[in-house]
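There is one chain below, alone, in structure tokens, taken in the form predicted on its own.
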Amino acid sequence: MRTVIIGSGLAGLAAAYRLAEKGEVIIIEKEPEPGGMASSYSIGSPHLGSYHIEKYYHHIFAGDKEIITLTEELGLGARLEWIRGTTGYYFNGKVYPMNTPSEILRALPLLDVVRLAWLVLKAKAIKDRTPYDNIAAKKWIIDTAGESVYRNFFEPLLQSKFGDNKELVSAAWLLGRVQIRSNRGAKGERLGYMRGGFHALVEAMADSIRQRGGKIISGTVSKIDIIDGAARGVVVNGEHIPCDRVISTAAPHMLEKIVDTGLPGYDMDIRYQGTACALFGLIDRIMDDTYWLNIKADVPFGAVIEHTNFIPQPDYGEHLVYVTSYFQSPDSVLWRAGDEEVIEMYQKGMEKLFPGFRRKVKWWRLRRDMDTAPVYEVGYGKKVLPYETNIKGLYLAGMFSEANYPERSMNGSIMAGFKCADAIIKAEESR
């Protein structure tokens, strides 16, 4: 039995990893290397030779059981470390640490802090988030904690995450986010990162798949062949590859373009947003301690992530900072402009926040993708796609899967791949 998997992101790799011993697996990847949103740059360093660093910033949480177990299976458990991830909030021309209750008290009015604490307690007590899928996050925040908490604390976070769509986001997404991020101790939150980068995890998964007979080939899928109501092959770079089943990890709007019959019965109108993420190599740090900085200021990005305030700078021989923004349309200047133009916009913004930033820049990289995250708008829960479709042999796994709602993550993508593979195995065993 042959399975073709479209996309070698974490969901595609996880599905292939689980299926590799059950039959032939072929992964089709349009990029030069596997990993998708978890892929990495190889950066030359005069002191260390070269190192890997993710194109998009990543870390994991203590509750991410699937990815933690997987790293152990692949012999990488010793490289996974748990480190305090410091956060901050830039507004009124100043960086405010936001890790402990006392720091939050210094950053926000006392009444806002009390109301924010009440909101967090109420959010953590909610077990079933389903009813909140039909309520806007903005409305729930204001009803629960007031206009000031929304304006001073949540609005900048929603703006940086969803831009013009911020008022459309569901309270179910917000509750999931709060529940994940509020389990921090008195000294702040501990986050997981693989020393040497998650490149090692991607490579170990790919190697394991290849060692068991699987293939990862470069190409673009232009069509999924549906014959007599069943997926029976794909067309890759003009060549037909027959198979017994197909797993697609592509965004739903892209999947619709390559399935002639469409997917009747499913709502494929899941809106995605894009990301323009710059990585700067610097000669010196820009912040004393903060790892993740959310921003309320007139700049063309929503967050600054100083990676080497999280993972020690000696691992790289230089300081590393991500500057990132989501965008909601292909008409956005962040998508239409050239790389140099976007970097210039970002550097001008960074100069406003951190005067002298330009003088510290040694090099930069820019990664842009149109489909980096779904917009978790009101009613999104009804659009979540199943692992097994009503087209025989066509399966789906990705950011649109239930494992990635209400909050997408590396662990959610691996879980989606595993659950999709389990659905295939179960279907085969029931024959």
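Worth saying up front: this structure is predicted, and the values here are computed from it rather than measured. Throughout, we count residues from 1 along the sequence that is shown.
One more form of this protein, predicted together with a small molecule, exists but is not displayed; see below.
Only one of T220, S208, Q347, N134 lies close to the small molecule in the model of the complex, with a heavy atom inside 4.5 Å, and it is T220. Site annotation in the model of the complex: the residue of S332, S160, T87, T275 reaching within 4.5 Å of the small molecule with a heavy atom is T275. Look at 282-290, 134-142, 247-255, 311-319: in the model of the complex, residues with non-hydrogen atoms within 4.5 angstroms of the small molecule sit in 247-255. Among residues of the shown chain, I28 is one whose heavy atoms approach the small molecule to within 4.5 Å in the model of the complex. Within 4.5 Å of any heavy atom of the small molecule in the model of the complex lies no heavy atom of K419.
In the model of the complex, at least one heavy atom of G36 sits within 4.5 Å of the small molecule.
The small molecule is not drawn, but in the model of the complex it has no heavy atom within 4.5 Å of A15.
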